[in-house]
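Below you'll find only one chain, the form predicted alone, shown as structure tokens.
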Amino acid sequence: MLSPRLGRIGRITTLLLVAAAFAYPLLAFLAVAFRHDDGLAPTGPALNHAADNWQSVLAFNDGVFLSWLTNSIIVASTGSLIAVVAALPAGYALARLRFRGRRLLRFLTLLTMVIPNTVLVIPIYLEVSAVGAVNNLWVVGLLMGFFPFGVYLAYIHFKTTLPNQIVESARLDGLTDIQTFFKIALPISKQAVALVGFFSFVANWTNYFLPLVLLPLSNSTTVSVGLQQLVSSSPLFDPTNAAGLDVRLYAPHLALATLVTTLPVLIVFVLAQRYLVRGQTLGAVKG
């Protein structure tokens, strides 16, 4: 039988090995972004190589990469803002109001969460095309505001953190349902706002099919679709297409572009992490 000391050493060693197995691919990918590769002789990681790689990414198609980033920030932020504004009152209504059809709406909310986005892309495109709004950023941002998972998060939040006695007391004091929401429910919903906003932003930022269909022009699409264009224009994946390009991108350029696209998500996570940590047990304990 192992002594407690040997058992502790064994557990720590196992955890370190598992951590190393997960960290190694990420560190190796990060190192690639700091290498130089012109298709002839790749070099080791260096800071000046990353600067050169970034200039090459910016030079691709006259700086279209920055346009992709800007478009992604616009549609992801717009969609997240709409999702928060719509999800909080919807979740409150499902949790604390009594009206006919409430259970059906709650069921439909859960049902829409399991429908794949790819199923909805073609019907959405036909509707947007019918009104002549294809290739407009505001349309994509508006559609990304449809976030049923956020409604369900808000429903769980108000169901578990807002006692029904408080709502009933507010009604006895003469407050309407709308006044109760804005004066009592909303001020205690910072964690719910952070959760809905963060998950909505991540879902919008990584959305691929919707921008692919509704933003068909190269300079007006988002970075999730643009990265695919970078990959397909690289000599590593399509030598024939890349032969006609003035700027050729190799593995370090693609790795650096990918790392840059993750920065907005990391920034949003850092800004919201305090509320995310507090809200990760949302629904675990009934208040």
Partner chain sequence: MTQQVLVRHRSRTRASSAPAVRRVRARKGHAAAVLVAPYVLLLLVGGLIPTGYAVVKSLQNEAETGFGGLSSYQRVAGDFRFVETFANVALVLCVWMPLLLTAAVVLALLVDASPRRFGASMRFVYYLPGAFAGIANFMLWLFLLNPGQSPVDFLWHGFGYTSLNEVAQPGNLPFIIAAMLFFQGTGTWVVVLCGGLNGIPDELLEAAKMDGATAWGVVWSVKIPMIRPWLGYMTLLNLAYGFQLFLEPQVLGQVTHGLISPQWTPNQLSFTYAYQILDTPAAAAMSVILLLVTLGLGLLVVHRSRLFQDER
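Worth saying up front: this structure is predicted, and the values here are computed from it rather than measured. Numbering follows the first chain given and starts at 1. We call the rigid core whatever largest set of C-alpha positions still superposes within 1.5 Å between the two forms.
Quick note: we don't show the form predicted together with its partner chain, though the next part is all about it.
Asks: Considering non-hydrogen atoms and a 4.5 Å limit, does its partner chain approach residue 208 in the predicted complex?
Replies: Yes, residue 208 is a contact residue.
Asks: Even though the partner isn't displayed, in the predicted complex is residue 47 close enough to its partner chain, meaning a heavy atom within 4.5 Å?
Replies: Contact with its partner chain, no.
Asks: Flag residue 254 as yes or no: does it have a non-hydrogen atom within 4.5 angstroms of any non-hydrogen atom of its partner chain in the predicted complex?
Replies: Yes, residue 254 sits close enough to its partner chain in the predicted complex that at least one of its heavy atoms falls within 4.5 Å.
Asks: Using heavy atoms and a 4.5 Å limit, would one call residue 132 a contact residue for its partner chain in the predicted complex?
Replies: Taking the distances in the predicted complex, the answer for residue 132 is no, it never comes within 4.5 Å of its partner chain.
Asks: Pick out the residues of 179-194 whose heavy atoms come within 4.5 Å of its partner chain in the predicted complex.
Replies: 181, 184, 188 sit within 4.5 Å of the partner.
Asks: Could you check whether the CA atom of residue 216 moves 2 Å or more between this form and the one not shown, using the rigid core for the fit?
Replies: For residue 216, whose C-alpha is compared between this form and the one not shown after core superposition, the shift is less than 2 Å.
Asks: Superposing on the rigid core, does the Cα of residue 263 end up 2 Å or more away between this form and the one not shown?
Replies: No.
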